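The form predicted alone is given below as one chain in structure tokens.
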Amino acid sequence: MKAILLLEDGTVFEGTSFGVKGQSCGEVVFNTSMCGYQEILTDPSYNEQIITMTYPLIGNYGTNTDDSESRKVFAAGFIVKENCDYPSNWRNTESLSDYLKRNGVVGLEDIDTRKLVRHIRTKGAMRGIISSNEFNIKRLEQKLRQYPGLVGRDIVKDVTVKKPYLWKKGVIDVLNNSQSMPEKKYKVVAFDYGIKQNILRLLRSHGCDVCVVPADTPAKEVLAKKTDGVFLSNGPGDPAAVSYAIDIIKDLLGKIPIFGICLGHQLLALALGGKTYKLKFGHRGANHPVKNLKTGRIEITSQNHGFCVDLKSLKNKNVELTHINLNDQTLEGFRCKDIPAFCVQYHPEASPGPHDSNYLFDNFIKLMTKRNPD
């Protein structure tokens, strides 16, 4: 079956359909990970994005019931050079194509993904429509023009949890089917802007009693829970558009230890008076080098963001820069000098990706312990 991708600049890629038959609009981006496609598809930070994988063969180990990072697939579409319909792995329960069909996601294969990625790198991430049931370019162009894109829109409201809940699972050892479930010593409230489940697993495996709350939960409700720390999660879209979250963080600053990741990093910067901007094509993959400015060590990191904090905007904000991206020198982390708050732009919980940055969860524990030594 035929499928096509139409970009907003008029470029068309024709290939073969897999996944569900249909069409979908989104921002076309690329991810440089060699594996972890199920985790990528279920990362809520990819809401309204059509993902292109740069690695040529995807789907060879299938999918399973344990590797999802949220309640469903949030990606708007999926593009690969070659999809493997005959996966081989002892954990496999369903092929990638069947997984996409069940989750209502349109897939496109048999295109020159290298050409598409080079186009995005040159022109920048752009709006696109992926279709396997409509091939009239004029009609697709009309539909694409109606799609507003991500800038200036709050799409956190579309992915956040509706009611608070307690998280009860730890990090899973897949070889013996066991979980790391130490004694609960710290009460943590995690704001769900599009949170990945491996973040919650790692918090629980570090001895945290985790309550996940909606993105618009007032600060007074958080403080009333006698919480030891607050976690600001990853999430999709333009951070400047999530004004209610910025105001809530302002009300929490200085009153409780705070740890932010990705969108949480950007929101913390905005709450401190900083600014954010849209990157040309974003950082997405499991192999991005980041320098820890305190230790001089280089961490290979997992990343997924299209917006970034303006380094210059944080000057004179009483913050210390802690991490920098070695590919383009953009900001990857900072901490507040006068209050217990720190954050990073990348994903220390990995999934997929390396585990070089797991120590940041230990740093969060130390911050809470220092604040509440008992």
Partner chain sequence: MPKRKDIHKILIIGSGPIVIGQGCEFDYSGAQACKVLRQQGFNVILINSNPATIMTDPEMADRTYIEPITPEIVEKIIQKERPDSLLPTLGGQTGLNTAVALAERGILKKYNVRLLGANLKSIKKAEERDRFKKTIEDCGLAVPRSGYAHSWQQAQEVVKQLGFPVIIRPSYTLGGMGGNIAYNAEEYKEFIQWGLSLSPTNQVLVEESVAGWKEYELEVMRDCKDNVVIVCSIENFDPMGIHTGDSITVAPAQTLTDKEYQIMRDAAIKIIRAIGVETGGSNIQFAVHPGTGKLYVIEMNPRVSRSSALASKATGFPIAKIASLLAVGYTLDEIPNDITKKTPACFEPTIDYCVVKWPRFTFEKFPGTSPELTVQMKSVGEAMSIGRTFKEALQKAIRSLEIDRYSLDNKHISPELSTHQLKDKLRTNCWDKIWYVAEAFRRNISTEEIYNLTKIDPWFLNNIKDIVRLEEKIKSLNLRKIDAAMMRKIKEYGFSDKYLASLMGVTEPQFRKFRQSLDVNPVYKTVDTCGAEFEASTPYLYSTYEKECEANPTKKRKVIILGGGPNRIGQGIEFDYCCVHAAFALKEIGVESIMVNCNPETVSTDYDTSDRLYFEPLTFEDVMAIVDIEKPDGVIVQFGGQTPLKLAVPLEKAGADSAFICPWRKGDGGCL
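Numbering follows the first chain given and starts at 1. Only a predicted model underlies this, so the values are computations on that prediction, with no experimental measurement involved.
The protein also exists as the form predicted in complex with its partner chain; that form is not presented, and the subsequent description refers to it.
Considering its partner chain in the model of the complex, the lone stretch of 178-186, 150-158, 113-121, 248-256 in range is 113-121 [heavy atom distance within 4.5 Å]. Contact check for residue 21: no non-hydrogen atom falls within 4.5 Å of its partner chain in the model of the complex.
Of the heavy atoms in residue 36, some are within 4.5 Å of its partner chain in the model of the complex. Contact check for residue 327: a non-hydrogen atom falls within 4.5 Å of its partner chain in the model of the complex. Not displayed here, its partner chain is approached by residue 281 to within 4.5 Å at the level of heavy atoms in the model of the complex. Using a 4.5 angstroms heavy atom cutoff to its partner chain in the model of the complex, all of 86, 91 and 354 count as contacting. Of the residues 300, 211, 223, 137, just one reaches its partner chain in the model of the complex with a heavy atom at 4.5 Å or closer; this is 300. This chain appears without its partner; in the model of the complex, the one residue of 216, 141, 82, 98 with a heavy atom within 4.5 Å of its partner chain is 82. If you take 46-63 and check each residue for a heavy atom within 4.5 Å of its partner chain in the model of the complex, you get 54, 55, 56, 57, 60, 61, in sequence order.
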